[in-house]
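Below you'll find only one chain, the form predicted on its own, shown as structure tokens.
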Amino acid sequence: MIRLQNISFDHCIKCTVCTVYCPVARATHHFPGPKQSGPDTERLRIKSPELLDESLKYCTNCKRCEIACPSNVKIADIIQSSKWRYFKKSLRPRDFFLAHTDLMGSVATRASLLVNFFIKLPPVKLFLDLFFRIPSERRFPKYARGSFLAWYKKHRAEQEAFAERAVYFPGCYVNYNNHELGKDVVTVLNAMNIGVIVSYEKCCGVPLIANGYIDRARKNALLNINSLAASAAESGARIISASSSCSFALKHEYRNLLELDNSAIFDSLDYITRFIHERFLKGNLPELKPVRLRAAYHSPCHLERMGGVMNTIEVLKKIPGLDLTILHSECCGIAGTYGFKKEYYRVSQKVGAELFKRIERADPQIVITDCETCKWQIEMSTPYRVEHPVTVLARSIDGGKL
């Protein structure tokens, strides 16, 4: 049955610009492009679900088709929703572990040294390849010891003492893998006389959505909406995230894909560089020390979809001494858990190949990007180290080395 609130496919004017901009369609013939997989065949799937095409699974949900679409058709949303509605759900241990980041993170951080050691061993990589279909070439991010939330609890009182505060959604990457990025967020905001409030949270749901665990994603989303809304209301603060994909999920995927009411947080939610840039423009600019580095900036797909790239660029331009090259917009190819799956790994690497070449031509000392999975992909596929914009800004504030 056609739901009247979900017929944006009818606005498609068949211009095919989405297919031209689709990185997956350029990389493999197995994916015919977003127009055909989205608006064109959605009409047929509604009438006859058995017409489902396996090519849908090649879509990375990068949203570049939606950026390019002149008619504002939610093409990627159509494709993702079709996967859930029409594909038969089969339990695959690999997808379960990739999707449930809170479960894996809470276990792995208890024995992070052992996990980080064993996950790099060739026999372990071969085992994961043969039995879990995780490609042996794929490099896993390291787990930290303990959680960022545990660190924050020791500093909560001093953060609550600030007159102005922001509610910070750290996300799984900061909580389980990179505590330092969370601490850099605190460093930057404190230098601007803004305290940081962290509320109870679950994974934003991006990996759950990508692997078809929609009911679990909705439960996480509802918990996050209620928790963030309560914290923001209590402190009168705005909500920020330093992950472009988490920000996109909280603001747009909850509303469009999960069909939840996130109005309690929608207008209060900012990606962190927008939050910082707005305050820079109002004169709240901390003293910045020179960071004498040659850097290349890669803009993540989901940040481009939110229209937030210019905020990051303007913040980076404020850092004295930073020699910044802005790379041509290209998808890195990893698309969250997509690049961790053997059946899509080659496509993932082929999608990112042009970006890797552009980085090498720029020959930077570091690469800067807002997305943690882009960081993993670039560091695995090039010889360059990747840092978050907030980390670069924090080093400009505290005078530390990158």
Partner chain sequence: MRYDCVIIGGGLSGLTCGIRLAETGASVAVISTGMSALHFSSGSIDLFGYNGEGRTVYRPFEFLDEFVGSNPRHPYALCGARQVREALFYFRGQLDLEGIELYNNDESNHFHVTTLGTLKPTFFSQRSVFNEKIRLAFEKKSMIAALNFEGYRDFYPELAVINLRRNVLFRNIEIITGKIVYPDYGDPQRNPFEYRSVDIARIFDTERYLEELAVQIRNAASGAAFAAMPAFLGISNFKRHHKLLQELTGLLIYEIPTLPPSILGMRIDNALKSRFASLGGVYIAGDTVTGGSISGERLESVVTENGGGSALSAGSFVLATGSFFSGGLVSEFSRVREPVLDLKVYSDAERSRWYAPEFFPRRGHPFLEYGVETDERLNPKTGDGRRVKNLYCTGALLPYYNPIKEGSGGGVAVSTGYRAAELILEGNS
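Computed from a predicted model, the values in this text were never measured in an experiment. Numbering follows the first chain given and starts at 1.
Although it is not shown, the form predicted in complex with its partner chain is what the next lines describe.
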| property | result |
| --- | --- |
| Candidate stretches 298 to 306, 165 to 173, 142 to 150, 118 to 126, one within 4.5 Å of its partner chain in the predicted complex by heavy atom | 298 to 306 |
| Joint contact, R85, T109 and E259 to its partner chain in the predicted complex, by non-hydrogen atom at 4.5 Å | no |
| Candidate from R94, R138, H179, H277 lying within 4.5 Å of its partner chain in the predicted complex - any heavy atom | H277 |
| Non-hydrogen atom contact R361 with its partner chain in the predicted complex at 4.5 angstroms | no |
| Heavy atom of L130 within 4.5 Å of its partner chain in the predicted complex | no |
| Exercise: L281 in contact with its partner chain in the predicted complex, heavy atom 4.5 Å | yes |
| Partner contact for E234 in the predicted complex: its partner chain, 4.5 angstroms, heavy atom | no |
| Contacts with its partner chain in the predicted complex - residues in 242 to 269 whose heavy atoms fall within 4.5 Å | K251, H252, F266, D267 |
